[in-house]
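To begin, one chain is listed below as structure tokens, in the form predicted alone.
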């Protein structure tokens, strides 16, 4: 890890991938296995989208989104082994998975000024703990110097099936197109990321593969800070 970026000996494992690829499930399981803090960076963008829509602002109105971000208080904290987030003292909870937020989060995430602010908040977590952070640009933008990068993927058919089982309505193809083609921090596997297709894998198999790659990279030795 680049000491100029972190300023400490804490480590970060970056888990990137598209929606419903399985990255959240494996990130949570991995963080528990290692005793690391789990940070879902997507929650930050969803929380902003939730607040924007709640205020009657169109998610595609970039100027209004930027102005709104400057007017609200987003507090990032820690509860147990998970990162927490409130907007003006409110925890949006399950509303972050609403169809409205699903439809608006990609537009909000495209705004460069939004990403600058939220990436800075994401990096602050490494000041206090070892972390497993999931998102779409963790290995490529947020922590490009971490040697522990994974890109979790699955076929769009499998991902759609997973979404439907969760009761979530989401146009995955449209979200993929927006996230992959945005000018700022697009969804992409970092050149040195380990790509894992979870289409035909169980959660336990994915976890085992990640742990195997970590061990091969010398993670056991580095784990002794």
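Numbering follows the first chain given and starts at 1. The structure displayed is predicted, hence computed values, not measured ones.
A second form of this protein, the form predicted together with cytidine-5'-diphosphate (CDP), is not displayed here; the remarks below concern that form.
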- Task: Select, from the options 64 to 72, 51 to 59, 188 to 196, 155 to 163, the stretch whose residues sit within 4.5 angstroms of cytidine-5'-diphosphate (CDP) in the predicted bound form by heavy atom distance.
- Result: 155 to 163
- Query: Taking the shortest heavy atom distance, is residue 146 within 4.5 Å of cytidine-5'-diphosphate (CDP) in the predicted bound form?
  - Reply: no
- Query: Is there a non-hydrogen atom of residue 14 within 4.5 angstroms of a non-hydrogen atom of cytidine-5'-diphosphate (CDP) in the predicted bound form?
  - Reply: no
- Query: Would residue 106 count as touching cytidine-5'-diphosphate (CDP) in the predicted bound form under a 4.5 Å heavy atom rule?
  - Reply: yes
- Would you please decide whether residue 31 lies within 4.5 angstroms of cytidine-5'-diphosphate (CDP) in the predicted bound form, comparing each non-hydrogen atom pair? no
- Message: Can you list, in sequence order, the residues from 107 to 134 that come within 4.5 Å of cytidine-5'-diphosphate (CDP) in the predicted bound form, counting heavy atoms only?
- Response: 109, 115, 134
